[in-house]
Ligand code: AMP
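Starting off, we have a lone chain in the form predicted alone, written out as structure tokens.
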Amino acid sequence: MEFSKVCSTFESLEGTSSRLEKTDILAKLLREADRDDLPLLVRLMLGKVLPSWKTEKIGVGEKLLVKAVSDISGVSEKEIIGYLKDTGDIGLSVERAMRNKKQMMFSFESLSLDGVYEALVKLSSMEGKRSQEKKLKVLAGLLTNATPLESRYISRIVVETMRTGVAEGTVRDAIANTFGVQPEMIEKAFMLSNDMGLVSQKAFDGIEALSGIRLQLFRPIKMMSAQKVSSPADGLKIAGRPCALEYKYDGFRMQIHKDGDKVEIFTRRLENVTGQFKDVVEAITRCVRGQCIIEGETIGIGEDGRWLPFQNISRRIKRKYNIDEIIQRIPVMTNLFDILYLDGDTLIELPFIERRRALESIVEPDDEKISLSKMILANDETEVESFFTESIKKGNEGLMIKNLKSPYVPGLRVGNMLKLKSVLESLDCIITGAEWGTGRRAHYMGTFYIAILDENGVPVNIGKVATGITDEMLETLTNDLRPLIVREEGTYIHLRPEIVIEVAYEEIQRSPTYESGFALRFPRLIRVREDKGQEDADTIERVFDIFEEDGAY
């Protein structure tokens, strides 16, 4: 397939806000694709090069991209940055530079979808010494042969900001439309594979192939998320009676894959952190039987034996050195609470209570390293309130409330699993921008612009936060955000939206100031959620629900 056809489709997507029209546009392109092109095409529709469970990243920032465009177009980097300030979009800025290029090309090769995809995969594989130089060469090769429109989308793909308004649900419906299957079948296959590209190819092969997709060891899937409830009564109403109550540990959620002595640990963001938790690997190998995929919450243990807050172990996620020293300084305990796969069988469709029994059958608890999450069954509010109080006294955040008959639904926030917390309402927000501080904080980012996700999974701002932040947190956040700087305008910093923080607030208000249409009153930062990615942020739907519940609508 010619890459120009793909780009023309992407341009059509930008020209409509209707989800149904977007679905039809995508389906038309899918019908014209060969079987081998389908996975590449679908991943690019979602703004990805590799499946979500792959750890490789393209690793190209706007600075490197601007240099590549300048080198091949003859337009100065300063001019391109000027375009960027005018448009606010790297794709349109590169397209403009390519239309204004001062260096004539006497011959070029038209780009194919598989050729572009191969180059993008090559970018993802380049690491270490001189990798930026190598990436610059690959980028230059791609852009030299690209038309201005093609350069728009190549640029957006490499910086992972597509701006086509296409979310997973739209692509799911387009695949279902194209191959004449129910969207629910596509959704189920995606839940099990976490690769919509693979799903599209199996749909091409037929219903039997699509139905044959199964969970695979060492290929992580998205974790099921919990809805928040504000009272025991609400929890019982949604989960039903009796329901399961578990401690809501203030820890680090893990998806653990085990086959014999091989163990790998993944975060909610599907990052492989096996090397950072060698102590957990040892405990799982020793205390868990069988070939399985299980979930648990790992908490830090203080010198006095008390459970430590999440932040005490969160830095392990990115730590690559001196792991043994950290393990000695802050030992951890893993509390297992669910099982998805056991000895060749996928268990996610079983009721929760049956999954719990299966988990109990393969775990030999170790009082210091491995335990099953503490759980009781409850029928009334008094039992919920009593167990909630017990959990808080232990240093936890609150309770998990679970429907006994519910299946495990990967990647979705569903009423099958609820959380009841003691603290004020909070939101998980994405940092989209920042401002440099003043005075003694002049070298730190001091104010952070925060966003939630709209209906298409696109970040939309809901306010800014500058309180609740210690000097240590400012230093850590600044160091983590520096690699995500897109560009600076005066004291304002445009950031790639990747880091998620938990933000408390007094009230949600209507506001025309921010894209979401809402603003947080008196927001303050609680903590950085290093275990969460952009896709885990709260949504505008949830914000609207809270707004209505508070009686402000």
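Quick note: we count residues from 1 along the sequence shown, nothing fancier. Given the structure is predicted, the values throughout are model-derived calculations rather than measurements.
Only in words, not in the display: the form predicted together with this ligand, which the text now covers.
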Assert contact_stretch over 321 to 329, 154 to 162, 76 to 84, 241 to 249 against this ligand in the model of the complex, heavy atom within 4.5 Å, equals 241 to 249
For the three residues Glu425, Tyr505 and Val543, which mark the spot I'm curious about, does each lie within 4.5 Å of this ligand in the model of the complex through at least one heavy atom?
no
Picking from Ala226, Met191, Cys287, Ile301, the single residue whose non-hydrogen atoms come within 4.5 angstroms of this ligand in the model of the complex is Ala226
Picking from Arg316, Lys101, Lys134, Arg268, the single residue whose non-hydrogen atoms come within 4.5 angstroms of this ligand in the model of the complex is Arg268
With the partner left out of view, is Met417 within 4.5 angstroms of this ligand in the model of the complex by any non-hydrogen atom? yes
So in the model of the complex, does Ser371 come within 4.5 Å of this ligand, heavy atom to heavy atom?
-> no
(Q) in the model of the complex, does Phe337 come within 4.5 Å of this ligand, counting heavy atoms only? (A) yes
query: Does at least one non-hydrogen atom of Glu150 fall within 4.5 angstroms of this ligand in the model of the complex?
result: no
Across 383 to 402, the residues having a non-hydrogen atom within 4.5 Å of this ligand in the model of the complex turn out to be Met400, Lys402
